[in-house]
Every structure is written in structure tokens, then in C-alpha cells.
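Just the one chain here, laid out as C-alpha cells, in the form predicted on its own.
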Amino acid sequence: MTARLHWMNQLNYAWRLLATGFCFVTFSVGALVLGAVVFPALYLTPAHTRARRARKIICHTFGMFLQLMQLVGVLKLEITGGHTLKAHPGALVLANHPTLIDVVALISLMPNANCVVKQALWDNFFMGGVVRAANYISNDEPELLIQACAEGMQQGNPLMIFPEGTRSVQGKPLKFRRGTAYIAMHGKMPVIPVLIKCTPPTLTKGAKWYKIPPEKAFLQIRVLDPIFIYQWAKPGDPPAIAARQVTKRLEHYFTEALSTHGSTTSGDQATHHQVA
């Protein structure tokens, strides 16, 4: 019985490894098709709607990709409070960033989400066409970044940011960058905190795609009620001091929330995005 169980576990691991590779290839090829075939057709539509149309396509495409990952047994996904994101257009969406998959999951929940991306993605062979079509905000010009983010939110476009600036390092405390605080204070829009947990960890910072966990990853996303973090700054404080204060408060808020909620399950309120 033990030998049979071991053999079944090995077979399951081999299948998930192959399925993970298949998903990576599918994602890359899909991005190329979008950038080379689908998005160029948007130039036949009015210029002021192109980015919005592209983001909607990305949202739906990412949703289908998540369904594929669940169908082939790579991932189990649970989302709680996803309706909150759609109910607050123009909000600043902040999330911890434990795995590469959470980017796809969050964008799949917001049809017109804007986000700040690394400049390298604009020239990436696979993702460049997608990033340019969606007109995401590049981080290569910090002096223009805050204004661009604020203007986008004021136009009703939700902005997604990972305050850590990169994927979380397992076992280390959260360390947020101050840019998020500047954006929140400048835009004065509601902030929607999102707590993300992936068990067992997969696609973490520095991990290769083929370093899969011993069992299927369970990605849990909990969307919390909006807060107004710009009020955390003391009136009259210089921007640098105010940003430092808000950043510390944000780190504390997320650390406490992740500790309090632990598992992000929420009984009957959870929305299960799983394929039977």
C-alpha cells in the first residue's frame, strides 16, 4: 500500500511538472498572439478606447488561463470579496506578492485595471506587445510616475500595485517602498487591500518554473474593505516624512491583517474559482 501511494505521488508530481511547462508555453504563445495579431486590430477602433479594450481582453484572457491551470491540476484558486474590486472604480489596489501567479489572478478580476510595470517588460519579446497595448505605466520615469498613476485613478481606472516592488521573500517581514505612499497621498483615492496566500509556495522570487511544490498549489485571495491611507499622514508634515509614516502604517496593516486572517478562507462568503 505504501509503495502504491508513493508511486501515485510520483506520477502526480510528473504530471504537474509537465502541466506546469505546458501552461508556461501556453501563456508565452498567447501573449505573442495577443501582441502580434489581436491588439494591432485595435488600431481600427477609436484611439481613446484602445487601452481600455486591450485591458478588457487581457482580463478575460487571464481568466481563461487561470481556468486552464485549474483544469490541468496545477493550481487551486479561491477568491473572497472579488466583487469589491469591481464596485470601486478608480481605487488603488494594494496586495502582497508571494507568487508570480497572483498578478494574473488580480488582473483577471479587474476589466480595466492599470498597473505599474518594469520598463524591461515593454521590450520583452513575449509581453512587450501586451504591455504597450494596455498602456500600463512604466517605472522608468519616477518623476512622472505619481502623476500618471493619480490621473489614471481620477479617470476611473483602478490601479494595481505591489508595495514591495517585487515578489515577497518567504520568511522575511514585509518591506514596502515609499512610492506607494506618495501615490496614495497624491491621488486621495480609496485603497483596497488584498491579502494573498499560496500554499505550498510556488513561483516565488528567484524560483525556476520547474521547481514545483510536492502538491498542488492553493492560491487564496481575500479582498478587504476600502480604507483611506492618505489620512494617516499628519497635516503639515513634509512629503518625505509623511510618506515614511504612511509606509510604516501600511507595512503594519498588512502584517497584522495577514496574521489575523491566516488562511484567507471565509466560509460561505468565499467565491470558488475552481474547475471540477
Partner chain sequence: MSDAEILERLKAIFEDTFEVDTQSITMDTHLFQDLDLDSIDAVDLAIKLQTMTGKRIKPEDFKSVRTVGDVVANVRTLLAA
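These numbers were taken from a predicted model, which means no experiment stands behind them. Residue numbers count along the first chain shown, from 1.
FYI, the form predicted in complex with the partner chain isn't displayed, but the following is about it.
Report task. Could you tell me which of 76-84, 90-98, 126-134, 171-179 sits within 4.5 Å of the partner chain in the model of the complex, going by non-hydrogen atoms? Result -> Contact criterion met by 171-179 only.
Query raised in the report: Just one of 29, 36, 241, 64 has a heavy atom within 4.5 angstroms of the partner chain in the model of the complex, so which one?
Result: Comparing distances to the partner chain in the model of the complex, the residue within 4.5 Å is 241.
Query raised in the report: Pick from 72, 195, 146, 185: which has a non-hydrogen atom within 4.5 Å of the partner chain in the model of the complex?
Result: Here the answer is residue option 146.
Query - Partner contact for residue 49 in the model of the complex: the partner chain, 4.5 angstroms, heavy atom - result: So residue 49 does not count as contacting the partner chain.
**Report entry** Heavy atom of residue 151 within 4.5 Å of the partner chain in the model of the complex
**Finding:** Although the partner chain is absent here, residue 151 would stay clear of it in the model of the complex, with no heavy atoms inside 4.5 Å.
Report task. Classify residue 245 as contacting or not contacting the partner chain in the model of the complex by the rule of any non-hydrogen atom within 4.5 angstroms, answering yes or no. Result -> Yes, residue 245 is a contact residue.
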